[in-house]
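One chain comes next, on its own, written out as structure tokens in the form predicted on its own.
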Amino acid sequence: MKKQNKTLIIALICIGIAAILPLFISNNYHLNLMIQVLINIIIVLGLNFITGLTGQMNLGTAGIFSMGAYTSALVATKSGVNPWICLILAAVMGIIIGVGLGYPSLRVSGVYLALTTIGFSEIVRVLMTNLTDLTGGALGVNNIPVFSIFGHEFRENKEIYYLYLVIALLLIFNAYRIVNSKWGRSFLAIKDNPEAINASGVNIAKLRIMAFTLTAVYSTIAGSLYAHYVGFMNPSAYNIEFSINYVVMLVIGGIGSVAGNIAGAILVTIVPELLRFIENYYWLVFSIITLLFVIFLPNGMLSLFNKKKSMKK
């Protein structure tokens, strides 16, 4: 009970800080960075279900994210559908992708599954580049409408931040409930001892497909939010580096932990920007920092706090 109360207090403090932070920031660049942090948190929370909990390597984030973004953007621009409905359609696309990618995971795993998801992303990127009549090709999709509520359009960065913060909090709460439920424990069991869980009569195939579906839905929702924020989509950015970036966030924060997912997304989004003062060397320095994290903190940032707790005991 004390642990739950402590977790609740920490969560409320973090929400309070997130809520008041824009009040002290007037720079649009910094607000843009904060919005990107929220979108990245959603993606990493989703990736945690399949890679963090079930141990299935997914390097198809770029393809899944872009499918959500393009679904929302194309429906909104070509059909004039309300962006909120487009967001729902993007989530439906996530379910379709999750089931579609979930079935190959029943037959392949490890590096072979990673290659399968990379192949999926490359197919999506090539199609988006070449289907010029539908996607605009390399020129992309322009004039994507913003979200609105009761006629009020969210165009200012502060307004968008608060809207996305509410959506992110709902998805964080949902992820926390799933991770700490019987489903979350079942996902972990697949990674730790698949033979034992299979012998106990649990349907591993159903669980893996469910994990992939949750991952895809979170990523497509994030893609939709991103598309309606920037107002423009181009396929060139959605390559293997895009996908690896989110695996790095997951590893640095702490695999399997919602708090670690949030911490990793914040760190990997903000630190490279803080290092830009060293100009061309900033990415080299950040890569070294990432390598040190992997070597000395293989269980992520949260392992530091866990060590302190165990030392106190």
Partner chain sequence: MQVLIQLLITGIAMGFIYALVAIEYTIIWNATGLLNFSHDKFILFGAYMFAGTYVLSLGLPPVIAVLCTIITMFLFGIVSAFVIFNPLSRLSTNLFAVIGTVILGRIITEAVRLIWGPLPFSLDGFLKGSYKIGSVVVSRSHVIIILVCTLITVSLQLFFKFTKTGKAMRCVSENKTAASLMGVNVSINIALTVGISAVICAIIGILVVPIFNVELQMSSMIGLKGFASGVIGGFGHLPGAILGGILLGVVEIFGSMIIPSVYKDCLSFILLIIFLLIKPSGLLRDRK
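Positions refer to the first chain, counted from 1. So that the term is clear: the rigid core is the largest set of C-alpha atoms that superpose within 1.5 Å between two forms. Here the structure is a predicted model, which is why all the values come from computation and not from measurement.
What follows is about the form predicted in complex with its partner chain, which we do not show.
- The partner is not drawn, yet in the predicted complex one stretch among 72-80, 225-233, 96-104, 144-152 has residues with heavy atoms inside 4.5 Å of its partner chain: 96-104.
- Contact here is defined as any heavy atom lying within 4.5 Å of its partner chain in the predicted complex, and by that definition not a single one of Gln36, Tyr162 and Phe277 is a contact residue.
- Leu131 is the sole member of Val166, Leu131, Ala138, Ile88 with a non-hydrogen atom within 4.5 Å of its partner chain in the predicted complex.
- Thr51 is the sole member of Ser257, Ser66, Asn40, Thr51 with a non-hydrogen atom lying within 4.5 angstroms of its partner chain in the predicted complex.
- Taking non-hydrogen atoms only, Lys158 never approaches its partner chain to within 4.5 angstroms in the predicted complex.
- Within this chain, Tyr29 is remote from the site of its partner chain in the predicted complex, having no heavy atom within 4.5 Å.
- Heavy atoms of Leu12 never reach within 4.5 Å of its partner chain in the predicted complex, leaving it off the interface.
- Of the heavy atoms in Ala237, none are within 4.5 Å of its partner chain in the predicted complex.
- Although its partner chain is not shown here, in the predicted complex the stretch 100-139 places heavy atoms of Leu101, Tyr103, Pro104, Ser105, Arg107, Val108, Val111, Tyr112, Ala114, Leu115, Thr116, Ile118, Gly119, Phe120, Glu122, Ile123, Val126, Leu127, Asn130, Leu131 within 4.5 Å of it, in sequence order.
- Put the two forms on the same core and the Cα of Ile295 is off by 2 Å or more between this form and the one not shown.
- In the core-superposed comparison between this form and the one not shown, Tyr281 has its Cα shifted by at least 2 Å.
- Pro145 is not among the residues whose C-alpha shifts by 2 Å or more between this form and the one not shown once the rigid core is aligned; its shift stays under 2 Å.
- In the predicted complex, the CA atoms of Val248 and Glu279 come closer by at least 3 angstroms compared with the shown structure.
- Compared with the form shown, the Leu250-Ser109 C-alpha separation increases in the predicted complex, the change being 3 Å or greater.
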